[in-house]
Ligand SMILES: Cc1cc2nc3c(=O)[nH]c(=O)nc-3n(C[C@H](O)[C@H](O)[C@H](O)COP(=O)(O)OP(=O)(O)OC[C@H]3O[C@@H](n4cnc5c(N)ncnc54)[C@H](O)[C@@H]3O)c2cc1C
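Below sits a lone chain in structure tokens, taken as the form predicted alone.
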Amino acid sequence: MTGDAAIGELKKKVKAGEEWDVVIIGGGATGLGAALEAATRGYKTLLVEQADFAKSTSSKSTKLVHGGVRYLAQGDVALVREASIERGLLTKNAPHLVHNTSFVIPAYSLWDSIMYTVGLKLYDWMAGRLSLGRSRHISKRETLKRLPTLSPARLSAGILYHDGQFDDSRLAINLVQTIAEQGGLVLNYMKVTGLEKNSKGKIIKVKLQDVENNDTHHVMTRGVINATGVFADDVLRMDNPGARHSIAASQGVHWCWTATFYPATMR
């Protein structure tokens, strides 16, 4: 449930003193993913976002759904295998959001040609039946035809391979719709302004402020997920004012960020 109906439902549940299994703070890729997981597993789920869904880090992705080919060079085979499968499943499940995109790696020596060809054939093999297309060795002429601005000096050939490209904003909205269909409550322009604990130090309430009309709501919960990305420290300090800075730059983020889970006993 979203929009005005969702706000009405929130007010109704707050008035009735109902308790949420989990309140997820942040409507980016991580928060939406966590909310979808919780809602589909039957947990009473509330997600709140202070602005537009996927407005911050999640709107600044490379728009690639890739299998992590560069991590293959680093030897992280398990990560590449997992990413390749997820890429294929997303392409299969959301063809309106994902499309096949071809890339060409120029080779400037025989060694480059062999290394990239073997590596990308392995990349194809790891994706199995979910591969987006077979990589292949292409001539210098075809490489320059596909990449006309490339300098031909010392160029020997090219290797063509396939990955995915997607619309991150549409995916975010589709996730919101699915969460709502699964019984979750999803609200944007709803800002978290405080956390309330019981005598044992466990978070039991989340204070919310409607950004559009400044109405406040206190919702009871059994658990909180902080999925606010680069703003995670702001929420962390609501829980622990003396908490140290915990966010650092990440090496390669495409449509994800870190989430902090504040444990509570879940059903």
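In this text, all values refer to a predicted model and were calculated from it rather than measured experimentally. Throughout, we count residues from 1 along the sequence that is shown.
The same protein also has a form predicted in complex with the named molecule, omitted here; what follows describes it.
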Contact at 49, 191 and 227 by the named molecule in the predicted bound form, all three, heavy atom at most 4.5 Å: yes
Proximity to the named molecule in the predicted bound form (heavy atom, within 4.5 Å), stretch among 34-42, 195-203, 227-235, 214-222: 227-235
Residue 28 near the named molecule in the predicted bound form, any heavy atom under 4.5 Å? yes
Would you mind checking 196-215 for residues with a heavy atom within 4.5 Å of the named molecule in the predicted bound form? none
